[in-house]
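Listed next as structure tokens is one chain, alone, in the form predicted on its own.
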């Protein structure tokens, strides 16, 4: 794939693709039903990255007043290192800012150095840790924040 990458809100027709991408990226993946349930809330935005007409990434944001939790960041392994994760996160955070969000947070596996590097590049700072938060394999979660 080499075409333009488009970031847009997730639609009902994207749910199976998003669940598949997440399943390929995480042993703790959300189901299609979990994504469907998330789309029903007015305080969420789930986005996809589309390239050459194919969904190649997804992620979500849950808004709580002036804070938002970013979750489910996943990109097909064959499409990584093309700026897709960065673009999706910027797309989500811009939507959040328009909704009044001033602080963004997320959790990431301590051992996922590529993801930690991406988040730090976007201005996130490690502010805490949850021991043994993840299973399969067992790993700590780093808690990152970006404050505007």
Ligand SMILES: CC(C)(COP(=O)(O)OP(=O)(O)OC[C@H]1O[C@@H](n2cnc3c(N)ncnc32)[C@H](O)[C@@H]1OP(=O)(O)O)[C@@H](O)C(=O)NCCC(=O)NCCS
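All of these numbers come straight from a predicted model, not from anything done at the bench. Numbering follows the first chain given and starts at 1.
Below, we turn to the form predicted together with the ligand, even though it does not appear here.
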**Prompt:** Is there any non-hydrogen atom of residue 118 lying within 4.5 Å of the ligand in the predicted bound form?
**Reply:** yes
**Item:** in the predicted bound form, residue 105 touching the ligand (heavy atom, 4.5 Å)
**Value:** no
**Request:** Classify residue 100 as contacting or not contacting the ligand in the predicted bound form by the rule of any non-hydrogen atom within 4.5 angstroms, answering yes or no.
**Result:** no
**Asked** Hey, in the predicted bound form, does residue 123 get a heavy atom within 4.5 angstroms of the ligand?
**Response** no
**Non-hydrogen atom within 4.5 Å of the ligand in the predicted bound form for each of 73, 81 and 86** = yes
**Request:** Spot the stretch among 38-46, 60-68, 91-99, 107-115 with residues whose non-hydrogen atoms come within 4.5 Å of the ligand in the predicted bound form.
**Result:** 107-115
